[in-house]
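Before any questions on how it binds or moves, here is one chain, the form predicted on its own, in structure tokens.
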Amino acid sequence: MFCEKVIELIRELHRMSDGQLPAFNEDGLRQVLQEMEALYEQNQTDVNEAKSEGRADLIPSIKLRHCCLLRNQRCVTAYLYDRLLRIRALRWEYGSVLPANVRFHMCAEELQWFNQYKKSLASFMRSLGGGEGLDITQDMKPPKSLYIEVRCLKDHGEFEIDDGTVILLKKNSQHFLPRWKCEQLIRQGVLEHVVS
């Protein structure tokens, strides 16, 4: 039946919750594109036959295949666009370095798009704040306090805060740090917020 493969691509995305990225279904996409090519070629053959031999009985099947082509096109576009929106959201959630398990689910073109988006966002943030730059990915939720207590989940090494103090982030050590300096490390899994 027509359009079944592309509907399965959409269902695959729909089954994943927000914030998750399923593996890029290259095989499914290739099958949809092959189906579209076959529909197009059959339409071309029937259109030529209808014109040359005056066969009006072929017009309904030509219209049906054309509608299937358009539906496949819209669904493929929706599939790719939804994946890009999810990848863009991952940049805001994880920062400029994606975990390996997330990168594994992306195709080469999506990784390239992510890197371009990352560069564009970094360039925009550098242009803010009177040339000093402003990290707009920090404080995604309004903070309740400017300092938070954090526990280090793995050895990270030295970490410098704005007043010049250098803190050694060792596994299981706890620190009282400015929220905006450690939010990125919390997202990366280096630190965890200790809630009393």
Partner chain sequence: MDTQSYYPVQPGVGMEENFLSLDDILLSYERLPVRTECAFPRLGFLEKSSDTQDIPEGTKMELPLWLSKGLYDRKRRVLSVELPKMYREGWRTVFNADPKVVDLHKMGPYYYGLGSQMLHFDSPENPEIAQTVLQTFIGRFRRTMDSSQNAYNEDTSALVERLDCLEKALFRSGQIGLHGFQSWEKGQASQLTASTLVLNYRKRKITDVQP
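Each form is matched to the other, and the largest set of C-alpha atoms that superpose within 1.5 Å is called the rigid core. Numbering follows the first chain given and starts at 1. Because the structure is predicted, anything quoted here is derived from the model rather than measured.
The form predicted together with the partner chain exists for this protein as well; it is not shown, and the discussion that follows is about that form.
The chain is drawn here without the partner chain; in the model of the complex, the stretch among 129-137, 146-154, 161-169, 26-34 whose residues come within 4.5 Å of it by any heavy atom is 146-154. Taking the partner from elsewhere, Lys118 is found to have every heavy atom lying beyond 4.5 Å of the partner chain in the model of the complex. In the model of the complex, at least one heavy atom of Gln20 sits within 4.5 Å of the partner chain. When contacts are judged by a 4.5 Å heavy atom cut-off, Cys75 counts as touching the partner chain in the model of the complex. Taking the partner from elsewhere, Gln188 is found to have a heavy atom lying within 4.5 Å of the partner chain in the model of the complex. Residues of 49-68 placing a heavy atom within 4.5 Å of the partner chain in the model of the complex, in sequence order: Glu49, Arg55, Asp57, Leu58, Pro60, Ser61, Lys63, Leu64, Arg65, Cys67, Cys68. If you fit the rigid core between this form and the one not shown, you'll see the Cα of Leu185 move by 2 angstroms or more.
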